[in-house]
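Next comes just one chain, in structure tokens: the form predicted on its own.
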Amino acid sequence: MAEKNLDVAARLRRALACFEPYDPAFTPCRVNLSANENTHPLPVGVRAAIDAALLATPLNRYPDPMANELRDELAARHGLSRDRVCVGNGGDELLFNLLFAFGGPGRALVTCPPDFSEYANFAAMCETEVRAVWRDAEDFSVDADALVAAAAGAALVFLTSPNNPTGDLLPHDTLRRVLDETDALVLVDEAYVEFAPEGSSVADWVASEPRLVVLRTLSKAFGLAGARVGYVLADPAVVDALAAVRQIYSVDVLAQAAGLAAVRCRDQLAPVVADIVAERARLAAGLAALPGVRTWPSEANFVLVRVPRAAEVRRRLRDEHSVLVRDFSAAPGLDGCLRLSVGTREENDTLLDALATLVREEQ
């Protein structure tokens, strides 16, 4: 007899039994600085190029499964051949596919939390063991010796530079050791690297390091978070493996068209990135001047702060000032911390004014 009340939990794969939908804790607010989006308007020329590309894109045909025209433009940007580029539906799809292809039962992923929580979530979905090498509690640095030891025998290592949510860069010599002293496939997530100093990226290592995968996105510096376009630079054999397991047509025609136009106009986006970097410094200085507030250096488009009664401050920012930030105060290793995206000058001033009031009241 068919069951009348569907017991979904009993039917789920065991690895997924405790999963809940991803919740970024979004609430509509006047100023949203919670998701590390680029809140600056696109330059007029870039917007016009994207609009023209979208209008010229037919919707009655399936997209190019591999987004080859966009792959060619990205390959040219990085001085690589097309076969070293794979485009995905945001960086998330590519992270999942890397674990789906190279993880699984009996294999391990090494991460350095606190970092992007989806690394561990995707690993669990793919039934991949996670070995966590926790960052230093004071400065969030990574212990290279511990990282290399944990990576011994691991299938994958995910490193983030700049790291989300702490904002610090991975030292190149630490990556060098992992590549030289282990046999793992190593992904460096560079979603925020355009906001870091020149020379921070390791994308130019890919051509000579077959076990290195570099993840990039158009969501941050390029201002296309809503289009969901990410890509990896990797050895052709790794790209072929990702192409084999991907969802077909995962990057739609409009996303491909917008992404291609934006990448072709990338020089016009440089002033926007420069303004965000300047605003990051100004925001960090303003935060550091507030009583009881601790900040950490950041090379991304956000700043991590520790404030008294962080969860309550976040609630009051939202409810009393219509400013939304991300609360990490209950996350392991981030006690009392909020992550603040760097917005426009006006948005940052609104945030600083509101925080100045609340921090004094909450002490």
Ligand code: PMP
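What you see is a predicted model; the values in this text were computed from it and never measured. Position 1 is the first residue in the sequence shown; the rest follow in order.
Beyond what is shown, the protein has a form predicted in complex with the ligand; the following relates to that form.
Heavy atom within 4.5 Å of the ligand in the model of the complex: which of Gly167, Gly91, Gly286, Gly223? Contact residue from the list: Gly91.
Considering non-hydrogen atoms and a 4.5 Å limit, which listed residue (Cys126, Ala261, Ala155, Leu95) is close to the ligand in the model of the complex? Of Cys126, Ala261, Ala155, Leu95, the residue with a heavy atom within 4.5 Å of the ligand in the model of the complex is Leu95.
Out of the stretches listed (96 to 104, 213 to 221, 143 to 151, 251 to 259), which one is close to the ligand in the model of the complex, meaning heavy atoms within 4.5 Å? It is the stretch 213 to 221.
Answer for Phe195 alone: is it within 4.5 Å of the ligand in the model of the complex, judged on heavy atom distances? Output for Phe195 is no: heavy atoms all beyond 4.5 Å of the ligand.
I'd like to know whether Arg228 contacts the ligand in the model of the complex, with contact meaning heavy atoms within 4.5 angstroms. Residue-level check for Arg228: yes, a contact with the ligand.
Give a yes/no on whether Ala191 approaches the ligand to within 4.5 Å in the model of the complex, heavy atoms considered. Judged by the heavy-atom cut-off of 4.5 Å, Ala191 is in contact with the ligand in the model of the complex.
Could you list the residues in 96 to 128 that come within 4.5 Å of the ligand in the model of the complex, counting only heavy atoms and keeping sequence order? Heavy-atom contacts to the ligand in the model of the complex: Phe116, Tyr119.
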